[in-house]
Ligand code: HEM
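The chain that follows stands alone, in the form predicted on its own, written as structure tokens.
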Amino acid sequence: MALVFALILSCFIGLTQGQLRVGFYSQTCPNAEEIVSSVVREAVASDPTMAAALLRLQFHDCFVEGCDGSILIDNGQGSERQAFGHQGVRGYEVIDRAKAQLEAECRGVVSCADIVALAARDSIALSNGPSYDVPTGRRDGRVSNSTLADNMPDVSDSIEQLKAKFRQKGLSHKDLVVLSAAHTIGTTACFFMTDRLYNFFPGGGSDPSINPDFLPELQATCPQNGENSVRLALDRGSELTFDNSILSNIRDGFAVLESDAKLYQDEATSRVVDSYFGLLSSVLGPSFETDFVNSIVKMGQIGVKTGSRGEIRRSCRSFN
């Protein structure tokens, strides 16, 4: 059963001039959040992997121009969604369906950026993760350019590069660990595994941090010179359930992505991973679910546009 967390959001007011708030649409479009939830429920019921896709969509949106729906724009090869760093991102049609229903009910009121944040929240809850309140009131950005996504976190980044990229967005090394644990749901393609499995060193070979019992399993799923589009679970044994098993897998050498494995090869980030385990961790230690909620709400405030700094798009795929 999903846990409900009451969040204290006042600490974020300085970042947003107090214009983001829980229940932003309570007067102007009272059914807004339920409409988004209904569309997401239907999408996930039809395709359970869509939950992870919608969660990933928010991360990729927020890490470029801020949480402003810039990734949704579809205006040709130069649009942000075409960036190399956004390969495999999907779920756009779910956002479009929610937007169409919202426009029918409350024309020109609910931003695409807020739909992305709400859809991610609902996807987590539908995956047996925590329910939480999303501050809303974002406006949609007016810029979408593939070159702006050049600095997205990448699976081959060093741990120092990953920490630096998160710091640039106002996120800590703890946020890096906790948000990476969103990989508790979803899959990845063999395309992202080739170097780790076969070309980790200049002369070839696999990443030695992979548990020896896990390596044959990965290589069987993603054989050398095999089909790159084959997909495998990011969280071995728990790909559809939102929980902290991804961190246990990382600790034990069962991380699928190289970037996840590196979280346990750095003193600061490995301490965060370890903090969720141990004999007394369930009683005295931090709560993974609480920490995840805090981190994703924090991430959802990166570079938001409010007031006159953005627009409310009529279609999420194009500027007004």
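From a predicted model like this one, the values you see are computed outputs, not experimental measurements. Don't overthink the numbering: it's just position in the shown sequence, from 1.
Just so you know, the form predicted together with this ligand exists too; it's not on screen, but the next bit is about it.
In the predicted bound form, Val109 stays away from this ligand, with no heavy atom inside 4.5 Å. This ligand is not shown here, but in the predicted bound form it comes within 4.5 Å of a heavy atom of Ser180.
Within this chain, Thr269 is remote from the site of this ligand in the predicted bound form, having no heavy atom within 4.5 Å. Although the partner is absent here, Pro130 lies well away from this ligand in the predicted bound form, with no heavy atom inside 4.5 Å. Annotated contacts: Arg81, Ala119 and Cys316 are all free of this ligand in the predicted bound form [non-hydrogen atom within 4.5 angstroms].
Contact annotation: of the candidates Lys174, Arg142, Arg167, Arg231, the single residue with a non-hydrogen atom within 4.5 angstroms of this ligand in the predicted bound form is Arg231. Out of the listed residues Asn151, Asn211, Thr187, Thr221, Thr187 is the one that sits within 4.5 Å of this ligand in the predicted bound form by at least one heavy atom.
The stretch that touches this ligand in the predicted bound form, counting heavy atoms within 4.5 Å, is 54-62, out of 24-32, 39-47, 247-255, 54-62.
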